[in-house]
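So this first bit is one chain, no partners, the form predicted alone, shown in structure tokens.
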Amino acid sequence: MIQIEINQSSIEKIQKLVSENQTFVITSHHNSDGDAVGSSTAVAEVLRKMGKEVKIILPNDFPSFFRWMVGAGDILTFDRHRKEALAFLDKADVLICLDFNQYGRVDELEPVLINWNKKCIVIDHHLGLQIQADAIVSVPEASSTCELVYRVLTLCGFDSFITKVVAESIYAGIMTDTGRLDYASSYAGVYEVVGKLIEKGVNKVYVHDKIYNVYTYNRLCLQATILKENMVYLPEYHAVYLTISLKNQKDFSFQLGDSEGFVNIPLAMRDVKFCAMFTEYENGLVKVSLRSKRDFPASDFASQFYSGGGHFNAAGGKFQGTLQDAVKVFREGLEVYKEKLQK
């Protein structure tokens, strides 16, 4: 039975940092997902309700279907608003890092965070935390960082500041990071948190519509093309891989977030244990997304072959080179893990 335990000393440190400081900057990983944006906007709104000055600074842009969250319109992206972001970082008393476990996941913000010499709080649910901080809540067993944020806020005595809009951001992060409670949610605690959020006024239908019922015609055509033309099934390894080329992106007017969830689709096949998706970028970089079922360690595969990491069944990394070479490494890796894949 999974139990989410948060060290009391960490809670006391967070309480002290919040009470003794006025200006906070919140950041999360590049290509921020629902858990990153949800946790960031939730914490920011709570701090604002407490009379604090807060700014969310993300490494780059995030999908448009998360912009409905409270305060999302005021988020700064470091790649576009560097001067303004650096000015606020300079004046901030406390840095809050949410939903990432290593500096390499924040792109051009990395040197800023590495050289940060003021107070820092980390709340995260990824394996292998490598960030130094004054207060750390790191619980890999948790469904999401948003679940941890809810628990931290209530343990700190900030429950009265969790308004409906804060609860919606937290709920959105839990929903997206668990595939609508399909995975990473096999314990009662996460359902208890969801119940508490609904008591705060969360309308599940509203949140789901805002996130999942917003796709464009081009996005659906892209999905159809990727599944029909770019999906390769490797039955001998119980594996599948998908590729999204620059041409695919151009053909279907690709927008950030359009490929959300694609990598999970092949896992619906009864004999597939492992799936990879490779997305090509202009600068010769390939983003790698990995998903697995049951006992296959996607995180180990990501770490070994793509300098990445993540959760046991949901991980990712990067590859410097061509799309074809990234796929070649994947196929070579499958041979290494063949015995485990065939169990």
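It should be emphasised that the depicted structure is a prediction, and the values quoted were computed from it without experimental measurement. We number the residues from 1 along the sequence you see.
Quick note: we don't show the form predicted together with a small molecule, though the next part is all about it.
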Within 4.5 Å, heavy atoms only, one stretch in 331 to 339, 5 to 13, 317 to 325, 19 to 27 touches the small molecule in the predicted bound form. Which?
317 to 325
Heavy atom within 4.5 Å of the small molecule in the predicted bound form: which of Pro63, Pro59, Pro297, Gly310 fits that? Just give me the one.
Gly310
Note: exactly one of Thr41, Ser32, Ser292, Ser289 sits with a heavy atom within 4.5 Å of the small molecule in the predicted bound form, namely Ser289
Contact between Lys273 and the small molecule in the predicted bound form at 4.5 Å, heavy atoms?
no
Given that the small molecule is not shown alongside this chain, does Gln132 nevertheless sit within 4.5 Å of it in the predicted bound form, heavy atom to heavy atom?
no
Quick one: is Gln102 in contact with the small molecule in the predicted bound form, heavy atoms, 4.5 Å cut-off?
yes
